[in-house]
Every structure is written in structure tokens, then in C-alpha cells.
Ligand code: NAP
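Just the one chain here, the form predicted on its own, laid out as C-alpha cells.
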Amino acid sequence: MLTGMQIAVIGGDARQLEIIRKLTELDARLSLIGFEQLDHAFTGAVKEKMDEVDFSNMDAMILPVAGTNLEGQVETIFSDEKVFLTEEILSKTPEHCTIFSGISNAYLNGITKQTKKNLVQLFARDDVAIYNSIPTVEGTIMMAIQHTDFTIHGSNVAILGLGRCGMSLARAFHTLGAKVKVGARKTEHLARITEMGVTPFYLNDLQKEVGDTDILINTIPYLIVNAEVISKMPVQTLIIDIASKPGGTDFRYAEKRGIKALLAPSLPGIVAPKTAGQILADVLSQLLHELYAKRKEKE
């Protein structure tokens, strides 16, 4: 149980509802910021505005998966008000206050460093990333079916990157009967791709490998599907870019060539918010229990 633990849940989408539900069941006291349009009420959770919250007794803050933008604004699906997390707010929190976010950026890294707060990036954890690859794969398959006029079975599918999502995507599309090839840089990844029964290639050879591609799925969060690569693709190719914003595709040039290119970050929160929220809730509850136990030891 987390009885007496004070936690601020700041903004987010439907995934946060599962986190709120789990933490209230564990008897934590929650301040919900950016949720005034949420109809559902949770026992033990109070809707508040940023300037109404007493941060001096806050044990933890939970941000959305995206954390903040580069100006410090937090996404709030259940509010029309703009919510900002600032260095001034963090400086009001106790020394032990821990900040949880899915990912981070220069702004969030900066203010947590300046205020000497521990920042935990949940999506940097293998367990979260592997669990999240399941709804990511389902969402990618859904998009592939919706935006093509041919079957996945027998189609040529190129996947870029063999991270947690890339590996799950390769296995799933291979199982569906696609002719899958996976691009990677590391020799150990190329070996793993071969072991999986799909075709490996070096990402340096990407321009040579896309000439017959029906579906290209990018998982790499920097510009890799550039104009030179897109110019070698058939015009009927579908690009699904699941890397974090702004993705790794030159969307402007894809549109110019008439190639359909879709940016689809955060697929778990779109196609399966309940499951994706439960994944985060389970990991967060474990981490918060560890923090709670350490705090009790010091008392």
C-alpha cells in the first residue's frame, strides 16, 4: 500500500486514467492537474489547478509519456488550460520528490538537473518497452491494413531498426506471411535478424534495399528515410513511421512523390490506452513502493 504518499499526476491522455485508478486503490493521495474536464471521479484523488497545489509535501510527480515540450508545457487531453512544469515549481518540492515521465528532452533534463530531482524515464526500461511493443505491433498492423489495397501476406516489408519494437514487428509480419527484411547497423543485430528467419541488411545500404518495398516501417528516431531513400521507392509504398516525433522520415518529399507516409508515435496510447495504461501503472506502482519503503526506513 501507498497510504499517505502524496503524488501529483500532471496531464496526459487515457493511459493516465489507469495509473490514477491503480494508485488510488493503493491508497495514495493524488492531486490531479489538467483533469477538470474528466467526468469520472476517483476516491482519494482531487482535481486541482497548478497554482492551487502545495508542492512542499509532494513525494512524486507523474507526467505524461511525452513529458513536456521544449517550453515546459504538459499535454492535457482532459483540460483546455495550458499547464507548464517549471524549475520554480520543482524547487518547491521536497528533496526526495521523484519525477516520472515516459521520455525526456533537453528542457525536462535541464530543470530536473537544476533542482537536483531524480527523473525516471519509464520508456528507457526494458520491461515497459517490451510490453508496449505488443500494442505497437497491433496498431502498426491495423494501419498497414487500413492504408493498403493488398494483403500483408506475400508483401515486401522493410523494417528499420532492431530495438524492442523492431524485433516484435519483424516477428509479427513474418508470421503473417510477409517477406520481411530488417535493417540494422550492429553485427550482432544482423545475426539476430538471420536467426529469426528474416532477411538482414546494413542500414548503409538502405537506398539499394527499398526498390521493391510495399511497406516500410521505421522505428529509428532520426532522419533516415530521407529524400534519397524515398526517391528509390515505388510510388505505391506505404511508410509507417513509429519513431518519436518528428519521426525519421522526410514527409515533405514523400508527399511530393505521392508516397503515403504516416507518422504514428505513441501507438499504444491510441489503439490500446487501457492496456498501455495498465503497463505503466504496474511499473509505477512497483517503483513507488520502493520509494515508499525507503522513506519509511528514514523516518
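Note that residue numbering begins at 1 and tracks the sequence as displayed. What you see is a predicted model, and the numbers here were worked out from it, not measured in a lab.
This protein has a second form, the form predicted together with this ligand, left out of what is shown; the following refers to that one.
**Student:** Contact with this ligand in the model of the complex for residue 63, defined as at least one heavy atom pair within 4.5 Å: yes or no?
**Tutor:** Residue 63 lies outside the contact set for this ligand.
**Student:** For residue 221, is any heavy atom within 4.5 Å of this ligand in the model of the complex, or not?
**Tutor:** Close contact exists here: in the model of the complex, residue 221 approaches this ligand to within 4.5 Å, heavy atoms only.
**Student:** Does residue 31 reach this ligand in the model of the complex, with heavy atoms at most 4.5 Å apart?
**Tutor:** No, residue 31 is distant from the partner.
**Student:** Whether residue 111 contacts this ligand in the model of the complex should be assessed with a 4.5 Å heavy atom distance threshold; does it?
**Tutor:** The answer is no: residue 111 has no heavy atom within 4.5 Å of this ligand.
**Student:** At 4.5 Å between heavy atoms, only one of the stretches 266-274, 229-237, 52-60, 34-42 reaches this ligand in the model of the complex; which one is it?
**Tutor:** Only one stretch passes the 4.5 Å heavy-atom test: 266-274.
**Student:** Of the residues 158, 144, 74, 165, which one places a heavy atom within 4.5 Å of this ligand in the model of the complex?
**Tutor:** So the residue touching this ligand in the model of the complex, by this definition, is 165.
**Student:** Could you check which residue among 117, 174, 189, 181 gets a heavy atom within 4.5 Å of this ligand in the model of the complex?
**Tutor:** Exactly one listed residue reaches within 4.5 Å, namely 189.
**Student:** Is it the case in the model of the complex that 129, 185 and 244 each bring at least one heavy atom within 4.5 Å of this ligand?
**Tutor:** Checked in the model of the complex: all three residues contact this ligand.
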